[in-house]
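Shown below, as structure tokens, is a lone chain in the form predicted alone; questions about how it binds or moves come after it.
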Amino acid sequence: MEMRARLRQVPLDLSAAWAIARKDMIIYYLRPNIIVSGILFPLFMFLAFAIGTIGGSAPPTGGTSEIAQLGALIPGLLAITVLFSASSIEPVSIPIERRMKTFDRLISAPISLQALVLGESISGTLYSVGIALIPLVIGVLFFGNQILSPVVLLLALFLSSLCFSSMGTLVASYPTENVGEVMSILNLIRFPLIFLSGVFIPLSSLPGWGQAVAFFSPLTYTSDLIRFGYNGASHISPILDILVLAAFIIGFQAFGNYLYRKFNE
């Protein structure tokens, strides 16, 4: 009987999760702080790294060389775009809704906590996938990027977006009504991930201790799977990349459920 009750609850929870995600999509996608954190910041970081890379290289014989160098950085841009865009919705929406007391209504609604956490994560996932498609298309049209495995690349974008949106939902469980407090905690996590995950520097070029630390970062597996989607080369097995990203998703969702329950008892 208990199993049947749980199975009957699944479609209700999925419907509730989609309603929560759609609410976030309508209200929060175009907020200035989300645009800055999810779109402009990765773009400026990419430009700074691109200028440093091209400026520090030997003078090219023609424009094609610079275009090729920029194109080679697109997979790294995709990785940090997914990281920042996917994890930017929930740390803004949830504190605001706590302040407006609408979050209390969601907590007390006749839906499971899993549906609430999943719904918040879905909104970040869809936002991130949509944003990530922009540099992907630009890379193909203007920088001549070739995609060897489109299915693998799209799978990498979806899994990574869900992973980092789940991470953002987890961090947003911190019981505060101040967006800045949650974003500060989140940035303490996001910035180290960029420099410890082989995003712009291949894992094989990192020192031994750097490679060891990188394996604890979900961004490492995101970057590796994206590169495999582009050129078929990866430092880690693509199957392992997928499995580890799935494990991070499950872990972030489960820990998020625990913290929301603990902080709202």
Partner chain sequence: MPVPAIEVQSLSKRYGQIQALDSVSFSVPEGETFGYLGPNGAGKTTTIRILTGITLPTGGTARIFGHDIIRETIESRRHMGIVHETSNVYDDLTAWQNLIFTAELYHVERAGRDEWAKELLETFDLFARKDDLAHGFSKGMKRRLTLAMGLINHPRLLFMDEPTSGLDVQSNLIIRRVIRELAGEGVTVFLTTHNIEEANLTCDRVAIIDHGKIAAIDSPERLKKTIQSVQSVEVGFDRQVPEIKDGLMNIPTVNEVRKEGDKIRFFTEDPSAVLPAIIAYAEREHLRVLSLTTCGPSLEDVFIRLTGLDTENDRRPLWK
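All values reported here derive from a predicted model rather than from experimental measurement. Residue numbers count along the first chain shown, from 1.
There is another form of the same protein, the form predicted in complex with its partner chain; it is not shown, and what comes next is about it.
- The candidate spot formed by 146, 154 and 241 is out of contact with its partner chain in the predicted bound form: none of the three has a heavy atom within 4.5 Å.
- Proximity of residue 245 to its partner chain in the predicted bound form falls outside the 4.5 Å heavy atom cutoff.
- Contact check for residue 235: every heavy atom lies farther than 4.5 Å from its partner chain in the predicted bound form.
- Within this chain, residue 176 is remote from the site of its partner chain in the predicted bound form, having no heavy atom within 4.5 Å.
- Remark: residue 68 does not count among the residues lining its partner chain in the predicted bound form, judged by a heavy atom distance of 4.5 Å or less.
- Screening 155-163, 108-116, 176-184, 135-143 for residues having heavy atoms within 4.5 Å of its partner chain in the predicted bound form returns a single hit, 108-116.
- Taking its partner chain as positioned in the predicted bound form, the residues of 16-35 that bring a heavy atom within 4.5 Å of it are, in sequence order, 16, 19, 20, 22, 23, 26, 27, 31.
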